[in-house]
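The chain that follows stands alone, in the form predicted alone, written as structure tokens.
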């Protein structure tokens, strides 16, 4: 009987030791991850939850009391014509900036990688707008778009084309700001595409040449473009999120005008929250803005999972 009891007691002791070891590992994991977890809540998740809760209140900045308002801010937003115009402006800006900046960034990357001289200079020159102070460069573009002495109107007049006050015309002001956005976004797109081009194995081009793809367009269609799938998806996502965040040029050059034609989501959030002190309504606008950013991110993740694996 004692011979049977000893192995059972040893097995139970082993299980207790393994359980204690697993508990100690879990405790060590929580202790090590704890600071990062706390910082994420303080810096990211906590403010997001606070903004979401604030959007259901009636609080204005400076008021000592706060009351639950339910969906009142969202109902006001749905009935606000300025909000819908702002949303259309934002989507139009994104639809104008993203395709052109991605296409031009890809073209610049291909041209730079195809050349053999001054490659480093062109990389630095195209990337310079990314690191430039946009407020300072917006003033430069203000002179460029000037109706009488601006370089753009002078060039159009020299070519015999019609001119306009680009930043004061409601039909052109948003696209004038879009040109600045494209100018700034091309550099980042180019750098990311250059990284994607360098990751393409040279053997694929040799195999394509064996299959008869001798021309530059055929090599691009059969090898370069399919292999740039992940890079393209990443560039589109980053560019779209940055386009949704347009604020500096609107604040400096147009102040949302003329006639709200350049009013975008981030600028309206700033006006409602810091000019009119309507903190709860600004929080509701922020929730809508975060929803668009989250939607773009989810689409990027889903597409990356389904269509951009090399296998």
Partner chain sequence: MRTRSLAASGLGFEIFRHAVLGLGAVLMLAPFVIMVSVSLKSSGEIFSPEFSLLPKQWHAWQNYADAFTKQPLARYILNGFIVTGAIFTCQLLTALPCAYALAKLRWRGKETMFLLVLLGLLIPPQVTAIPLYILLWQLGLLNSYAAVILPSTISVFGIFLLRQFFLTVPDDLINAARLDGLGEFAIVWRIMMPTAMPAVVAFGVLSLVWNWNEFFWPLIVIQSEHLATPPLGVVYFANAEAGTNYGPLMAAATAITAPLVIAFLAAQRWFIDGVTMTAVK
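In this text, the rigid core denotes the largest set of C-alpha atoms whose superposition between the two forms falls within 1.5 Å. Residue numbers count along the first chain shown, from 1. A quick note: this is a predicted structure, and the numbers were derived from the prediction, not measured.
This protein has a second form, the form predicted in complex with the partner chain, left out of what is shown; the following refers to that one.
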Three-residue site 74, 162 and 233 fully in contact with the partner chain in the predicted bound form at 4.5 Å by heavy atom:
no
What is the one choice in 140, 156, 82, 78 with a heavy atom within 4.5 Å of the partner chain in the predicted bound form?
140
Counting only non-hydrogen atoms and a 4.5 angstroms cut-off, does residue 67 reach the partner chain in the predicted bound form?
no
Contact label in the predicted bound form: residue 146 to the partner chain, heavy atom within 4.5 Å:
yes
Quick one: does residue 220 come within 4.5 Å of the partner chain in the predicted bound form, counting heavy atoms only?
no
Would you check, heavy atoms only and a 4.5 Å threshold, whether residue 282 touches the partner chain in the predicted bound form?
yes
Across 279-297, which residues bring a heavy atom to within 4.5 Å of the partner chain in the predicted bound form?
279, 282, 283, 286, 289, 290, 293, 294, 297
Quick one: core overlaid, is residue 24 moving 2 Å or more at the Cα between the shown form and the other one?
yes
